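Take a look at this one chain, the form predicted on its own, written out in structure tokens.
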């Protein structure tokens, strides 16, 4: 399969993450799937002129493009012209080439939240008019319209994350290579279901503290970070704590709250990520399928039943009370 990876408005963090693929090293994985990298900023050695020739052959239908990957947001400014991001050697805005390559590709992959929904690049006043490839935040229709379909009749596959998990990219491309990826493989905002049908909360090492509502009060505390520290792992769609990152770590394992970086709204929330917005002392990041009344009742009951060990460990940066060893009667 011929694959071309283009970078637009972003920080290259998704490429850096992808280079750390662990299940199999990146080159061996590429050889196993018989991937032919037409262009990638870190994997190919083509000169600028050679790359331009390859791209031109793709546009002229002399080379088939099976997979087109876009990393980073599409820069639409100023005033929709795209001239804030001109491509050296092509004498055109990057958005024009992105559009043309998308129309040639069998599959179109948005790599990371910036490419999928706008992400951090589109945060704040967004003076450069950054947007996702087919979504602008959670609204369908951007550079590519709502009805866009690739040559294989699929919308853009949004492998969101900031940065994207390397295995999410590898697994998506692997499923494509095996003809196992269809429109039913994606959720309602285009994310692959194999990771988007999970929650970051699943497998979190702090779940015992969550169950008893034993909350962290400050950075480095061991307790649950949902109530005070801004964690929204209970509503964030990703398998970070089941799949693990680079040596089986994750944000919550590292002591940092989940900030839902796979969400279409990432980068554009109206509160500090390190604090938990509350309405009537109730965190807004409740599980979406839990009524608020249930949470109040459960929280009150849980806190009243919290063992001393959990209550004290929750506000420490290390375990101060170990679980008791149960003595079995003989």
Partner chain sequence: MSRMIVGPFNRVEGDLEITLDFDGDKVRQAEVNATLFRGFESMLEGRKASDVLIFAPRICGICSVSQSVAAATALSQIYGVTPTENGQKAINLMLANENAADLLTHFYLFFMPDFAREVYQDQPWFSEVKLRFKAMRGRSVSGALQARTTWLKMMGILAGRWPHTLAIQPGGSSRAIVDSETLQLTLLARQFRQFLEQQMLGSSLERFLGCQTEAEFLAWQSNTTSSDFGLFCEVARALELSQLGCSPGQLMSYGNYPDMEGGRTFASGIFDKGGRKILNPNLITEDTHYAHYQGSDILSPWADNVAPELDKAQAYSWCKAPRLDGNVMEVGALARQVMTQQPLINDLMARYGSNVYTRIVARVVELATIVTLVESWLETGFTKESAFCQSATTVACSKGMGLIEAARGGLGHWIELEGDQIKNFQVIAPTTWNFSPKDSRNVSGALEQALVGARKLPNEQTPVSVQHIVRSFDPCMVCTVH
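Residue numbers count along the first chain shown, from 1. Source: prediction; values computed, not measured.
This protein has a second form, the form predicted in complex with the partner chain, left out of what is shown; the following refers to that one.
> Are all three residues 22, 163 and 257 in contact with the partner chain in the model of the complex, where contact means a non-hydrogen atom within 4.5 Å?
Looking in the model of the complex, the three residues 22, 163 and 257 all sit within 4.5 Å of the partner chain (heavy atoms).
> To test your reading of this chain, name the stretch in 186-194, 219-227, 104-112, 171-179 whose heavy atoms come within 4.5 Å of the partner chain in the model of the complex.
Every other range fails; the passing one is 219-227.
> Taking heavy atoms only, is residue 30 within 4.5 angstroms of the partner chain in the model of the complex?
Although the partner chain is absent here, residue 30 would touch it in the model of the complex, with heavy atoms inside 4.5 Å.
> Under a 4.5 Å heavy atom criterion, is residue 41 part of the interface with the partner chain in the model of the complex?
The answer is yes: residue 41 has a heavy atom within 4.5 Å of the partner chain.
> Wondering, does residue 52 line up within 4.5 Å of the partner chain in the model of the complex on heavy atoms?
Within the cut-off, so yes.
> For residue 269, is any heavy atom within 4.5 Å of the partner chain in the model of the complex, or not?
Residue-level check for residue 269: yes, a contact with the partner chain.
> For the stretch 1-30, I need every residue with any heavy atom inside 4.5 Å of the partner chain in the model of the complex, listed N to C.
If the 4.5 Å heavy-atom criterion is applied to the partner chain in the model of the complex, 1-30 yields 7, 8, 9, 10, 11, 12, 13, 16, 17, 19, 20, 21, 22, 25, 26, 27, 28, 30.
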